[in-house]
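Given as structure tokens, the chain that follows is alone and in the form predicted alone.
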């Protein structure tokens, strides 16, 4: 559908703060977008939910967010939600949806040793969708998969002022640290790039750190071509950040968002019975 706004409006939706990695990439590539970042902290975490529970939650929250903001495009900035809910969301709404899936294909192309690591949530590791990506794009490669929900919480805590515990990180990553030939790591959760400076010293053999932000931003650009009939504005777009529930560390998270992203944080309560 044609976009008549001065600044096309993109909703970036995640279960937590991981979607900020997509938010940054979008503004780096397409600075005239108006981006609304929405964190479903009231439903966090997604990576431990059953597929049915996750599907119901994603639809309930996005129904409310789309009704409130009327975005031109939605980025589902969560691997777990994307692999479960994208088909039904695309069928339900007449707007584009862009999802985040494990970047197996580019990782397979980058690896020189043929040994790839896949770091994700346990749910993403276990899903047939992920194994099909490996079969389709990494046939003949060695793929070491490791799932962790603790890393997701560490990323959430880091943005609230709590630095990751190095020894705990080392323990979590142990199944990958011994993989000496692994030269490429797929960070198959949007939270994990928030920890990259903490992860790199513990996996020195990895030379290629693969995440989805840049690829997602390029995809969004192709779905929002330049429209010369669209009204122009000299005013920069105003971005927003929303939570779906209260947060005990709200002030610290707000400080981070304000200082690092230039965002003011608001609460948008969503009725939920799950």
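Residue numbers count along the first chain shown, from 1. Just so you know, these numbers come straight off a predicted model, no measurement behind them.
Keep in mind that the form predicted in complex with ligand DGL is missing from the display, and what follows is about it.
Looking at 164 to 172, 109 to 117, 78 to 86, 177 to 185, the stretch with residues near ligand DGL in the predicted complex, meaning non-hydrogen atoms within 4.5 angstroms, turns out to be 78 to 86. Residue 213 falls outside the set of residues with a heavy atom inside 4.5 Å of ligand DGL in the predicted complex. Using a 4.5 angstroms limit between non-hydrogen atoms, residue 152 touches ligand DGL in the predicted complex. Taking non-hydrogen atoms only, residue 46 approaches ligand DGL to within 4.5 angstroms in the predicted complex. Residue contact check for residue 130: none of its heavy atoms lie within 4.5 Å of ligand DGL in the predicted complex.
Taking ligand DGL as positioned in the predicted complex, the residues of 118 to 137 that bring a heavy atom within 4.5 Å of it are, in sequence order, 121, 124.
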